[in-house]
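Form predicted alone, single chain, as structure tokens, below.
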Amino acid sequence: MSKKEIKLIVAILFIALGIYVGVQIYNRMNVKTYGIVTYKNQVIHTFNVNKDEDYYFDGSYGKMKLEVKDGKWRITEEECPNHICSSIGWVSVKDYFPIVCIPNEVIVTLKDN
């Protein structure tokens, strides 16, 4: 292989890498992420993870409260025996973990638009 061919291959690789990085940055900037609350496998509520607000809904065992603040969300109140949902604490897109309340049959997950 000649030096010209090696330079051409390296140039093509750098261009491909630049395109790949650009596409990844563009995709991350334009993805809107929403939280979804499901009850008995049916979506009962969709929320913007970047809008501060409190949401109230009913589960099989009782009432629940979802707090969204500063791009994070958590269950703050729930009527169930062990209160495992609220002990999970704050969840965000970066350190995502679905919130599952088995007695209430409620799941809080993420969805990319």
Partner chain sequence: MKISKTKHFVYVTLLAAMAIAINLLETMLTVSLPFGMRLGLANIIALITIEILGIQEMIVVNTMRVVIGNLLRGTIFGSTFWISAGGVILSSIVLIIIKKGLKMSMISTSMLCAIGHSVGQVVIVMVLYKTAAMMTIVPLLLVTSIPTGIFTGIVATQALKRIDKNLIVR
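Note that the rigid core is defined as the largest set of C-alphas that superpose within 1.5 Å between two forms. Every value quoted in this text rests on a predicted model; they were computed, and no experiment measured them. Numbering follows the first chain given and starts at 1.
Although it is not shown, the form predicted together with its partner chain is what the next lines describe.
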| task | Using a 4.5 Å heavy atom cut-off, state whether N82 contacts its partner chain in the model of the complex. | result | yes
| query | For I25, is any heavy atom within 4.5 Å of its partner chain in the model of the complex, or not? | reply | no
| said: When the contact criterion is heavy atoms within 4.5 Å, does I88 count as touching its partner chain in the model of the complex? | reply: yes
| Hey, in the model of the complex, does A16 get a heavy atom within 4.5 angstroms of its partner chain? | yes
| request: Just give me the residues of 1-25, first to last, that have a heavy atom within 4.5 Å of its partner chain in the model of the complex. | output: M1, K4, E5, L8, I9, I12, L13, I15, A16, I19, Y20, V23
| field | Threshold 2 Å Cα movement between the shown form and the other one at V10, rigid core reference | value | yes
| query | Aligning on the rigid core, do we see the C-alpha of V100 shift 2 angstroms or more between the shown form and the other one? | reply | no
| request: Would you say whether W90 is displaced between the shown form and the other one, judging by a C-alpha shift of 2 Å or more on the superposed rigid core? | output: no
